[in-house]
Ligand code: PHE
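Next up: a single chain in C-alpha cells, the form predicted alone.
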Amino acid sequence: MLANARLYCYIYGIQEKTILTMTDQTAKRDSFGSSFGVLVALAGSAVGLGNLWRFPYLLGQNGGAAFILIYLGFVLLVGLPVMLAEFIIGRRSQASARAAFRKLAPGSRWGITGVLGVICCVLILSFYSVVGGWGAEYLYKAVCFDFTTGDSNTFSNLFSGFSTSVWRPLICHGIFLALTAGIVIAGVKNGIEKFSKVMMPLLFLIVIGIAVRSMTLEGSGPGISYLFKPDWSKVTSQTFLAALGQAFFSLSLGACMVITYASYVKKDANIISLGAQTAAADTVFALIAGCAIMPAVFAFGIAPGEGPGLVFITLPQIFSQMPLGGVVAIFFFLALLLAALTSSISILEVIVAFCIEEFKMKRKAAVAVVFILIWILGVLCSLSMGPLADFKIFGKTIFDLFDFLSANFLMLIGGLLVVIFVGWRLGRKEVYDELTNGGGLKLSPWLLKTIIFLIRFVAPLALIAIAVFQIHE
C-alpha cells in the first residue's frame, strides 16, 4: 500500500503526506450497512415536497399519461445517466463533494464542482427548511383538527397570515432544522440509514392509503382521467422541456447529494441497479402522490393549482369537506413532513461531510456550525415572505433568489460538470471498473457503451436545454 501510494504521488506530483491522509480518511469514513439502506436513503433524497404537488400538476397540464411516457423516457436517457455519473465519482473516491474531484483529478481545478455543489446545498436547505417548517405547522394544525371546517378564503387567509408573520414560521423553521440535524448528527449508518429504513416505507404506506381514499370518493373519476388519460393535444415543445427538467430535479441531481451518499456505498454494490431502483421509487411515489391529490381535487370541483397554494390552501379546503377529512389531513401532513425530512437530511449531509473532510471537524461540531449558518439564512428567507418582502435583489426576494440560483444555475452547472468529468476527464477504464465492480459483474458490452454514450453526449445536451428553458421560462 505504501509503495503504491508513493508511486501515485510521484506520477501526479502530489505530496506523499496528502495521499496518505486521504487513504486514512477513507478508512475511517462511515458507510451504509446494507443495500436496502442505500436504496431507501437515495430514494428519500429524491422523494421530496415537489413530488406531492409539482409532479401531479405537470401531469395534468401536459397531457396526463402522455407526459408520463415522455418523463419516463427522459429519466432513462438523462436522469439515470447523470445519477450513475455521480455514483461513479462518489463511490470511486469514497470522499465528500470537493475531495472526490481532488482525489480523482489531483492537481486540477475540478474541485470547484464540489464547492459549487456545497454552495447549492446551503442555498437549497435555507429555503427548504422554511417550507419544511410550514409542513410541521400544518401537521400541528391537522392534529388539532383545524381543517374540519372552512372555505377557500378561510384557508387562504390562514396560510397568508402564517407565512407572512414573524415568529411562528421562524420557530417552525428551527424545529424542522433541528429534526434534520438530529438525524444527521447520529451518522450515516446509525442516523440517516436507520431513519430512512423506517420512514420511507411508512411514507409510501401513508400516501398509498390516502390515494385509495381519494380515488374512491364520489366524483373522483375526472381526476383519475386528468392524470392518466393521454391527451396528446396538450403536448408541446414546452411539455418535453418540463418533463426533462422534472426528470433531472426530481432525482436531486447536480448538487452532489448522490456523490456524497455514493461515497458511503460499499464496493460490492451494483450501482446500475441502485440507480435504476432509486429512479423507479421516485417515479412511483410521484404517481401515487398524484392519485392521492388530483382525484380528491376534482371530486370537490376545485381547479388544481400549482405550488404552495395546492398543498396549504386547496387541500385543507378539501379535507374540510371530505368524510373523515380531519384524519386524512393528519396523515397527509405527516407524509409531507416525512418527505421533506428525507430530502433535507441528504442536503445537510453534503455540507456536513464537506466540513468534516475539508476542515477536519468532528461530526457534532460540523452539524452545529452548519445548523447555525442555515438557521440564519433560513431566517432571512422566512422574513422575505413578510417584513422583508420589499427587500429585493435583482428583483427577487431572498427566498426566491435562493430558489432561482440553486435550480436555474448551480444544480444545472453541477450536473453538466459531473457528466463532462465522467464522460471526458475520467478514464473509460475507471468508469467501466465502477460500473462492473472491478469486473465482478458480467454486464453486456452494449449496455456499458450505451451508458457511456448517454453520459458523454446526450446528458450534456439535455442539461444545456434545461438551462435555456429555465432562464427563459
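Numbering starts at 1 and follows the sequence shown. From a predicted model like this one, the values you see are computed outputs, not experimental measurements.
The form predicted together with ligand PHE exists for this protein as well; it is not shown, and the discussion that follows is about that form.
Ligand PHE is not shown here, but in the predicted bound form it comes within 4.5 Å of a heavy atom of residue 343. Interface residue remark: residue 128 is counted as part of the site for ligand PHE in the predicted bound form, having a heavy atom within 4.5 Å. With a 4.5 Å cutoff on heavy atoms, residue 285 does not count as touching ligand PHE in the predicted bound form; it lies far away. Contact annotation for residue 347: at least one heavy atom lies within 4.5 Å of ligand PHE in the predicted bound form. Proximity to ligand PHE in the predicted bound form holds for all of 45, 48 and 250, with the criterion being a heavy atom within 4.5 Å.
Heavy atoms within 4.5 Å of ligand PHE in the predicted bound form map, among the stretches 90-98, 291-299, 252-260, 311-319, onto 252-260 alone. This chain is displayed alone, yet in the predicted bound form one of 116, 210, 124, 370 has a heavy atom within 4.5 Å of ligand PHE; that residue is 124.
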